[in-house]
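Just one chain is shown here, as structure tokens, and it is the form predicted alone.
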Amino acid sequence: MRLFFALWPPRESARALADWASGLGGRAIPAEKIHLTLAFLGEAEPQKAIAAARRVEASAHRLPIEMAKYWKHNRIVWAGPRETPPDLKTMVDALHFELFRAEYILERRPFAAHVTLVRNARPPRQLPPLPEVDWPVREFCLVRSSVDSNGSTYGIVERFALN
């Protein structure tokens, strides 16, 4: 089972981001798949990951969606905060620490808060202004990912409430 931890936006926020991305060319991410990845575990059994996530203590907060960029190296358009909010950084650091204690090996690159909205994107001349998006972060999720000929599908395994 391929697992990762993520934040899922409210339905209206995901719809607004998907609508914004739909006219950019490339493969826009459908609203129901829009998320912010916190940690990718890969092939793993969920029990150990669930136990680690239950030890995370973090505060509820808001995720500002303030800017959009095109990353040439992997041909994606993403949106996110200008800087990782302190509460999000604290939560991600706590989650990564608990996953490390549970003997998971995570990517070594620093966490970059971004939400992929378009894959296989063409370089845009200029990205249009983002819609106003309200993204309250009250929980994070352990998610199962399956890939087949139709693409990837996600299923939430467990939700973890924030203080």
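Numbers for residues come from their place in the sequence shown, where the first is 1. What you see is a predicted model; the values in this text were computed from it and never measured.
One more form of this protein, predicted in complex with adenosine-2'-monophosphate (2AM), exists but is not displayed; see below.
Item to check | Candidate from Arg119, Lys48, Arg62, Arg101 lying within 4.5 Å of adenosine-2'-monophosphate (2AM) in the predicted bound form - any heavy atom | outcome: Result of the distance check: Arg119.
Checklist entry - Would His96 count as touching adenosine-2'-monophosphate (2AM) in the predicted bound form under a 4.5 Å heavy atom rule? => result Output for His96 is no: heavy atoms all beyond 4.5 Å of adenosine-2'-monophosphate (2AM).
Next on the checklist: Is Arg2 part of the interface with adenosine-2'-monophosphate (2AM) in the predicted bound form - any heavy atom within 4.5 Å?
Outcome noted: Yes, contact at 4.5 Å.
Item to check | Any non-hydrogen atom of Arg108 within 4.5 angstroms of adenosine-2'-monophosphate (2AM) in the predicted bound form | outcome: No - in the predicted bound form, heavy atoms of Arg108 and adenosine-2'-monophosphate (2AM) never come within 4.5 Å of each other.
Checklist entry - Can you check whether Ile76 is within 4.5 Å of adenosine-2'-monophosphate (2AM) in the predicted bound form, heavy atom basis? => result Because a heavy atom of Ile76 falls inside 4.5 Å of adenosine-2'-monophosphate (2AM) in the predicted bound form, the answer is yes.
Item to check | All of Thr37, Phe40 and Tyr154 within 4.5 Å of adenosine-2'-monophosphate (2AM) in the predicted bound form, heavy atom check | outcome: Every residue of the candidate spot has a heavy atom within 4.5 Å of adenosine-2'-monophosphate (2AM) in the predicted bound form.
Item to check | Per-stretch contact check against adenosine-2'-monophosphate (2AM) in the predicted bound form, the hit in 49-57, 130-138, 110-118, 62-70 (non-hydrogen atom, 4.5 angstroms) | outcome: Answer to the contact question: 110-118.
Item to check | adenosine-2'-monophosphate (2AM) in the predicted bound form - contacting residues of 122-152, heavy atom within 4.5 Å | outcome: Contacting residues: none.
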